[in-house]
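One chain comes next, on its own, written as structure tokens: the form predicted alone.
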């Protein structure tokens, strides 16, 4: 059993949990993830390792309550335990040793981009971060991102904080600034956002990577659920990724696969709401 030693509300439906998992913490690197199960009959869900502490033996995860399992997870408190907590899984991100990196995080995607930016910062690289959300109340890890970035730009769709618009607006301005050399761009967030960033940067020939989170079951490459086409080849996100060359990812196929089980997800969430008495009928999936 894996004890929850810390819990914090980050935003409206975003939660942070620090979980006691010393074996995972000992090996965790930026870019990797874990798969957890709340109880014996629970669903297995993948979550990015947002931070790790080898001395304390803890792993930090951040998630949004959008479906049945994440709502169950969000209902747990400090002192409660998880049934399974497997990792670290996936390939660690290759970190450049010098240069200028732009990090683009959208919504809950700010959580998985944070450990990567932190690693860039610790390696002595110049990191400019752009983070965004639909509204100011949904922004997460602002202070943490500011601490590891040379510059931090904030965007909100409704203009409640920072730039009134999208992260891609700020990024385009940087791409058009010929006086500033960009060595690499990393984007993590909703699929539409990552797709836009990939299309933006391709004409400039700037190396761009994204971290993907497709449907996943076992996390070992056996089930094939997390397959994605990269450069015309089939890759398994759990063992080959989750970080891939953005210009090679087939986002159209990835989007279709991600919507395959929306009716079943809605049904499971509505049933959970009905059983727990926390409201039913209107699913947050979609």
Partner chain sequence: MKLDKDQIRQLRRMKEKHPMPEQAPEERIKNYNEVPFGYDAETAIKEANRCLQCKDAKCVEGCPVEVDIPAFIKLVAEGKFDEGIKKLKEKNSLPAVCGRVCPQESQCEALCLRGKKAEPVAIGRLERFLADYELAKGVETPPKPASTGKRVAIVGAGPAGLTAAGDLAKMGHEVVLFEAFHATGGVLRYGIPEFRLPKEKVLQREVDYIASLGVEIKTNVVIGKTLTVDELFEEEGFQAVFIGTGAGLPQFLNIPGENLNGVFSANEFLTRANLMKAYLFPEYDTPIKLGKKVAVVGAGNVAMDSARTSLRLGAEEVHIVYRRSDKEMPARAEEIEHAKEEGVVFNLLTNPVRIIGDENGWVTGMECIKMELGEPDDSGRARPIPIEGSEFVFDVDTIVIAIGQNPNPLIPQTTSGLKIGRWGTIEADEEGATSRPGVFAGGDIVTGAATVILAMGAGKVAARAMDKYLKAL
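Positions refer to the first chain, counted from 1. All figures in this text were calculated on a predicted structure; none of them were measured in a lab.
Only in words, not in the display: the form predicted in complex with the partner chain, which the text now covers.
- The candidate spot formed by 100, 202 and 205 lies out of contact with the partner chain in the predicted bound form, as no residue has a heavy atom within 4.5 Å of it.
- Using a 4.5 angstroms threshold between heavy atoms, residue 63 stays clear of the partner chain in the predicted bound form.
- The shortest heavy atom separation between residue 257 and the partner chain in the predicted bound form is within 4.5 Å.
- For the chain shown alone, residue 115 is not a contact residue for the partner chain in the predicted bound form, no non-hydrogen atom being within 4.5 angstroms.
- Taking the partner from the other structure, the partner chain in the predicted bound form has no heavy atom within 4.5 Å of any heavy atom of residue 12.
- The partner is absent here, but in the predicted bound form a heavy atom of 215, alone among 95, 215, 136, 175, sits within 4.5 Å of the partner chain.
- Residues are counted as partner-facing when one of their heavy atoms sits within 4.5 Å of the partner chain in the predicted bound form; in 53-89 these are 68, 69, 72, 83, 84, 85, 86, 87, 88, 89, in sequence order.
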